[in-house]
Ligand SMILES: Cc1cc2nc3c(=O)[nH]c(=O)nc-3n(C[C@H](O)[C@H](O)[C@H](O)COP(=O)(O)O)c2cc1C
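Consider the single chain below, provided in structure tokens and representing the form predicted alone.
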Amino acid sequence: MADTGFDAKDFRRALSQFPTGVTVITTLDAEGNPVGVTASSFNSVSIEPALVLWSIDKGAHSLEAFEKAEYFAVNVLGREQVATSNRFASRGEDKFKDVAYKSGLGNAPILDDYAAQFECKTWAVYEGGDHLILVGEVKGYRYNDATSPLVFARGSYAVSVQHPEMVKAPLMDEAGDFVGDYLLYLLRETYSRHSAKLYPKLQEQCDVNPEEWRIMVRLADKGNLSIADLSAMVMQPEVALRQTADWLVEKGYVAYADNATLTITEHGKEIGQKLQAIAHAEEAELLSALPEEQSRQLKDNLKALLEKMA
């Protein structure tokens, strides 16, 4: 990025502070084969006429197919479609294998599962630096209110939930108060308040953000892990995970044992132990409000619930 003087990795990190949805864009290539790619660059342009846009890297294998396509579909993914996102973000495999889809407008493939779907006729294609910007006129759309959209922020998958500030229920349960006694609200409120104290301390004392923290604590326990295993553990697609790992490599916390495996360094082990100590201290402070037996029972009960929900 010589024109701006920006560091490319740091610029991407700044951009990752803006959460986006996750889409799979689909079309047919010149031979009539289905083509699909994961994209978070989707956005609306106009209501009248109904226009949307997205952008594709000029280095993408599917560039020519989308550049020349008359029709394409935007499949907005739901929270249960992390595997679908990862599949279409990968290279060198049959992306449509075991994925349920049918033919839509212009025979462009449309996924059976989605949070929303927009079938488009290509309106215009513009130059956009190292990307092409594709504008589509929406000819048909549908959406599924029963699923929450999948979100991507700071290199990790997330889900869209109501902000705690929007829920003004009393903390102490009152007779007839549904929300104040509802498990989901109690879990979310506890998580929000606890993480709001923990994450700034990790950043301040160890120069580690939440995404890096998730990688560090896994490696601190295991020593080394494959990129593929870590991707599932920390809910990051491989491309984003490697970007986060690169930051940790620069800090000297981790290293690549090989192209597919991360290992923690001696310095990283020290930082990992410090991270765990900070987390344990925050947890102990939180649970100090309960007798020790109740604290242990709380964690055991939550583990039991998670096992039953798996």
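The structure displayed is predicted, hence computed values, not measured ones. Don't overthink the numbering: it's just position in the shown sequence, from 1.
Heads up, the form predicted together with the named molecule isn't pictured, but that's what we're talking about next.
Comment: 35-43 is the region of 281-289, 35-43, 245-253, 262-270 lying near the named molecule in the predicted complex, near meaning a non-hydrogen atom within 4.5 Å.
Exactly one listed residue, out of Ala158, Val239, Ala83, Ala232, brings a non-hydrogen atom to within 4.5 Å of the named molecule in the predicted complex: Val239.
Although the partner is absent here, His131 lies within 4.5 Å of the named molecule in the predicted complex, judged by heavy atoms.
Val52 falls outside the set of residues with a heavy atom inside 4.5 Å of the named molecule in the predicted complex.
The named molecule is not drawn, but in the predicted complex it has no heavy atom within 4.5 Å of Lys97. Although the partner is absent here, Phe152 sits close enough that one of its heavy atoms falls within 4.5 Å of the named molecule in the predicted complex. For the marked spot (Asp57, His61 and Phe88), a heavy atom within 4.5 Å of the named molecule in the predicted complex is present in each of the three residues.
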